[in-house]
Structure formats: structure tokens, C-alpha cells
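Heads up, what comes next is one protein chain in two forms, each shown on its own as C-alpha cells, labelled structure 1 and structure 2.
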Structure 1
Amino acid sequence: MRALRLERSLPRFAAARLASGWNGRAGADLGPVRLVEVAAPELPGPGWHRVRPHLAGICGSDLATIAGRSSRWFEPIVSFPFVPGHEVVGTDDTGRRVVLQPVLGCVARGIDPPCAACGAGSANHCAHLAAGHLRPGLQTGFCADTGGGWSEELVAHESQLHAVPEGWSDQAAVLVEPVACAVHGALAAPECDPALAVVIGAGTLGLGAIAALSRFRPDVELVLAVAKHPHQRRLALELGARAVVEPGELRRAVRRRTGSWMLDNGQLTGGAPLVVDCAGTAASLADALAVTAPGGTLVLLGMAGTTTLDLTTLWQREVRLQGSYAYGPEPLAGGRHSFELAFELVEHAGLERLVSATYPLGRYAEAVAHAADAGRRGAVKVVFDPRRRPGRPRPEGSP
């Protein structure tokens, strides 16, 4: 079968890191990903299924890995060579159309009894990501034994599969996984006074978080989004943001809406009680911290790595810095699981329109470049269709 495989090659990682700073396409060309013909992965044991992907999304974490920018934190919890792709919709060997929940917790790893976290349903907190009968890997798409979405076939444990409701398009289904992440982030902060929430970044995660805040957080009165590109602005407004501002306008926009003052050095006397940073850059974090109200919560949904940040605000104003990863039961939503909420949200908010372009595996370099530049090129989510052979990319959805 054909698969895009990522190998552990230091020179390639280094080359990718250098080249991707220059342009996404070169990064993909020189990087550690190769289109290869490999044997389909073995079924690791009972309860596992073969899944043939229809669509597999390109995620920010995939891009970071390909570009050699991932944190070294991941080294012990991934296993090379692996096939990336954890946002997957496909058909399993029983003929069901399924969405993959990629986290490889105790259940999938055949560890019994499971760790406390898995026992509580929060596989994202699993203590055994490097144990069990699978090689290390935090998710499908980072594990050498399971294969990944960027191929013609992968294996998945029964517990990882969610049936897609009748009538759903593949485009809608492929968004369930990232939207579940966004839902989890939106629901990660404790309940606040009816007030302002700020979402920084308007990619898939940001837009998903906006939609989730609007739908699942009745305590949030007004969502203020930060977006840079016109289509992002439009989508953010459609998905429930009351206003969209550019990054440089954020502090003033928050000041106006909270009635606070702006002191000489630009710091606000007040702020928003809930801020979700979906960008994770040093600049966005600084902005996010600057506009979080005293006692408020800053949710880090974007994948920040090593960064520089003045934490004075954090302690002086008792701001909670809340991480968010993957999904789990959501206390704020009555204990429903993020994935369940994501299914609801994708359907209700019509999020399938976020899929902007579909590429065959053979044109992975273009696809990666497109995804890396999605905002500027008017795209949101770029996906692979492993069943297609090279041809023209098929733009889908909007814009």
C-alpha cells in the first residue's frame, strides 16, 4: 500500500527546519516525509480493525513535525518510522464509516487494569503512552505499529472508532477530531461571570473554539475573535464571534468592551475572564496574557513550545494558565465526552465548510505547503484523500 512515511533522519529534520523557514514547499520536499510503498500494518490483537481512510486532515502538529520544529518532549512518546495522520474518516473492515479517535490509551494498548486517568475516561491523560503491546506513540499517526491517516490503510482499536451518522459527508466527519480538541479547550476553563471571551487565532481550532464557546458556554456573553485574513474574519463572525479584530487591535478592543483603562505602557486595568490562545506563538501568548482579566483563565489550545514570556502578569493578576490537549469528559457540559459534543457541533454549525482543499497522497508537498500557508491562501483545513491518485487538487467547501 502507498503511505506517506516519516523516518527518523536527523539530516532531513535539519534540512526541513532550515528550508521550511524559507517556504513550506521546500520544507516538505527536503523533509523527512516520503511517499513509500509499504506493507499494511499488522493487526496488533483482538478488537482491532483495519480502516481504509477516505479523508485524513493535515494538522498543525503534523506540520510542526514535518518541519522539524516539534518539541523534543515528544521523542519518547512517538516511535519511528510512522505514518502521520490522526484526523481520519474511513471505512473499517466491518463496512462501517467511522471517525478515528486517535489517542492510544490503556485500552488500545491492552493494559489491564488501565491507569487511573483512562479509568476515568480521560485517555488524553494516560500514563502508559510508552507501554503495552504497541510501540510508543501518543496517538495513531505517531506510532509505528498502527499506521496513520496519510496512507491507504491503518489499524485501529474498536474503542477508537466512532460511527459516522447517516447522511454526513466525509468533509464533515474528518473535522470531528479537531473540533473535539477545540471543544475541549473551550470547555477547559471554569465557569466565569457572564462576560467576554477572546479567541486568538482563526484556523480550524480557533474557529472550532468560537463555535464551541457560542454553543456550549451560556456563561460567555460575547466572543471576540482575533483573525488576520478576510475569510477567517467572515467565518469567525458566522460561527458566533460578535466582533473580529486584527492582532494589533486586540488590547484596545478588549479595553473598550470591558470599560477598563489602558495605562501608559499599554497594559489594561481589566480584561477578559476567558482567553483561548489557538496560535501558541510568543506574540499571541503575550497578547493573550495582556488581555486576561485578573483572576481570569488563559487556555493554551495552540501548541506552544519553548517560548519567552513575561509571567509577571500571571502571578500579579492571579491568572490561571490552563493547558488543553485532546478530549475527555467535559464537566461543564454535564460530563459528556468532547467527541460527542464535537459531532453535535460539526453538524449544528455546519463546520464541513472548513475543509478547503483535498489532495492525493502523491502531491503531498503541495498539500503541506498549502496547509502551512492556509491563512494567507484563503484556506482553513487541507486534507488528503488517500483513495485518489494524483490529479488536480479538488477545492471543496469554502472558501
Structure 2
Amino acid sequence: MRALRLERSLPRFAAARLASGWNGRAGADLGPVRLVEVAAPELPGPGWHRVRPHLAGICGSDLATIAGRSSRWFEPIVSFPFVPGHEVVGTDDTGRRVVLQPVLGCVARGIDPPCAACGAGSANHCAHLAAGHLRPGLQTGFCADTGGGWSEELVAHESQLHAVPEGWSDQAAVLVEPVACAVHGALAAPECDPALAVVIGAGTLGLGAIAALSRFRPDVELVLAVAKHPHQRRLALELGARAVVEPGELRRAVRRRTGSWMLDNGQLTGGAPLVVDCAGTAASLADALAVTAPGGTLVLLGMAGTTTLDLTTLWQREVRLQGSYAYGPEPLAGGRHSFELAFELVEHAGLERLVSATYPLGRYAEAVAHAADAGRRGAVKVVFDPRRRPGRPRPEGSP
């Protein structure tokens, strides 16, 4: 079968890191990913299925890995060579159309009894990401034994598969996994009285978080979104934001809406009770800390990696810094799972419109470059269709 496989090559990672600084496509061409013919992965044991992907998304963690910019913290919990791709809709070997829940917790790894987190349904907190009958891998798409969505076939445990509702398009279904992450981030902060919530970043996660705050958090009266590009600002307003500002306007906008003062260093005396950072850059985190109210919560939904940040305000203002990874049972939604809420949200908000372009595997360098520059190019989510052979990229909505 054909697959995009990522090899562990330090020279190629270094070349990709250097090239991605000035040319996204060059970073993909020089990087550690190659289109190869490989054997389909073997079924690890009972309860496992073969899945043939229809669509597989390109996410920020994929781009960081290809560009050589992901944190070395991940090294013990991934195994090489692996096939990327964890945002997947496909058909399994029983004929079902399914969405993949990619986290490889104790159940998928054959560990019995499971750890306490997996026993409570929170595989995102699994203590055994490098144990069991699978090689290390925090998720499908980062594990050498499972394969990934950027291929013609992968394997998945029954516990990882969710049936796609009748009548759904593949474009809607491929959004379920990233939207589940966004839902988890939107519900990560404890219930309080955050009349104002700020969402920084308007890619897939940011737009999903805006929609989730609007639908699932009645304690949020107003969502203020931060977006760079016109199509992002339009979508943010359509999905529930009451106001949208550019990054350089954020601090002044929060000052006006909260009646805060702005100090000489740009720090606010007050701020928003809830801030969700979907970018994870040094600049976005500095802004997020500056506009989070004393005693408020800053949710880190975007993967930050290694960065330098002044945490004095975190200490002095007693800000709660909350990480948000993957999904699980959501206490603020009566214990419903993030995936269940994501299916509801994708349908309610019509989020399939976020899929902007589809590429065959053979045009992976162009696809990666498009995804890396999605905002400037008027796109949100770029996906692979492993069934297609090379040709022009197909904008969504075209035959």
C-alpha cells in the first residue's frame, strides 16, 4: 500500500527546521516524510480492525513534527518509523464508516487492569503510553505498529472507532476529532462567572472552541475572538463570537470591555475570567497572560512546545494555567464524552465548511505547504484523500 512515512533522521529534521523558516513547501520536500510502498500494518490482537481512510486531516502537531519543531519531550512516547495522520474518517473491515479516536490508552494496548485514568474513561491521561503489546505511541499517527491516516490502510482497536451518522459527508466526519479537542478545551475551565471569554487563534481549534463555548457554556455571555485574516474573522462571528479583533488590538479590546487600566508595560489591572489560547506561541501566551483576570483561568489548547515566558503575572495574579489535551468525560456537560459533544457540534454548527482543500498523498509537499500557510491563503482545514491519485488539489464543493 502507499503511505506517507516519517523516518527518524536527524539531518532531515534539521534541514526541515531550517527550510520551514522561509518556505513551507521546501520544509516538506527536505523533511523526514516520504511517500513509500509498505506492507499494511498487522492486526495486534483481538478486537482490532483494518480501516481504509477516506479523508485524513493535517493538524498543527503534524506540521510541527514535519518541520522539526516539535518538542523532544515526545521522543519516549512515539516510535519510528510512523505514518502520521490521526484525524481520520474511513471504512473498517466490517463495512462501517467510522471516525477514529486516536489516543492509544490501556484498552487498545491490552493492559488489564487498566490504569486509573483509563478506567475512568480518560485515556488522554493514560499512564501506559509506552507499554502493552504496542510500541510507544501517544496516538495513532505516532505509533509504528498502528499506521496512520496518511496511508491507504491503518489498524485501530474497536474502542477507538465511532460510527458516522447516516447522511453525513466525509468532510463533516473528519472534523469530529479536532472538534472534540476544541470542546475539551472550551470545557476545561471550572464553572464560574466568566461573562467574557477570549479565544486566541482562529484555525480549526480556535473556531471549534468558539462554537463550543457558544453552545455548551451558558456561563459565557460574550466571546471575544482574536483572528488575523478576513475569512477567520467572518467564521468566528458566524460561529458565535460577539466581537473579533486582530492580535495587536487584544489588550485594548479587553481593557475596554472589562473597565481595566493598562499599565506602562502593557499589563492590564483586570481582564477576562476565561482565556483559551489555541496558538501556543510565545507571543500568544504573553498576550493571554496579560489579559487573563486575577484569579482567572488560562487554557492552553494549542500545542506550545519549548518557549520562553515571564510567569510573574501567573504567580502574582493567581492565574490558573490549564492544559487541554485530547478529550474525555466532561464534568461541565454532565459527564458526556467530548467525542459525543463533537458529533453534536459539527452537525449543529455546520463545521464541515472548515474543510478547505483535499490533496492526494502524492502531492504531500503542496498539501503540507498549504496547511502551514492556511490562514494567509484563506483556508482552515487541509486534508488528504488517500484514495485519490495525483492531480490538481480539489477545493471543497467541487465535483
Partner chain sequence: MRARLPTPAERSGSAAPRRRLPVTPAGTGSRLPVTPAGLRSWLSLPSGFPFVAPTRPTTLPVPPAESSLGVHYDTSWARRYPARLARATLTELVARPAVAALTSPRVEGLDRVAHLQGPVIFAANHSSHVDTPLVVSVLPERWRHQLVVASAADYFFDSHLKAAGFALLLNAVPIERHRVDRGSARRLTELIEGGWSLLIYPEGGRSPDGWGQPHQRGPAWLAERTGRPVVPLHLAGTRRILPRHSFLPRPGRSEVHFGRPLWPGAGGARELAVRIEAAIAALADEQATDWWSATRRAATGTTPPLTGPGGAGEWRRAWALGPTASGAGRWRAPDVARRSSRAWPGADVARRDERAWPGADVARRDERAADRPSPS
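Here the rigid core means the biggest group of C-alpha atoms that line up within 1.5 Å when the two forms are laid on top of each other. Along the sequence of structure 1, residues get numbers from 1 upward. Since we're looking at a predicted model, the values are computed, not measured.
Each of the two structures shows the same chain on its own, and it is structure 1 that derives from the form predicted in complex with its partner chain. Put the two forms on the same core and the Cα of E166 is off by less than 2 Å between the two structures. Annotation: Cα of D112 displaced by less than 2 Å between the two structures, core superposition. Relative to the superposed rigid core, Q316 undergoes a CA displacement smaller than 2 Å between the two structures. Superposing the two forms on their core, we find that the Cα atom of D264 is displaced by 2.8 Å between the two structures.
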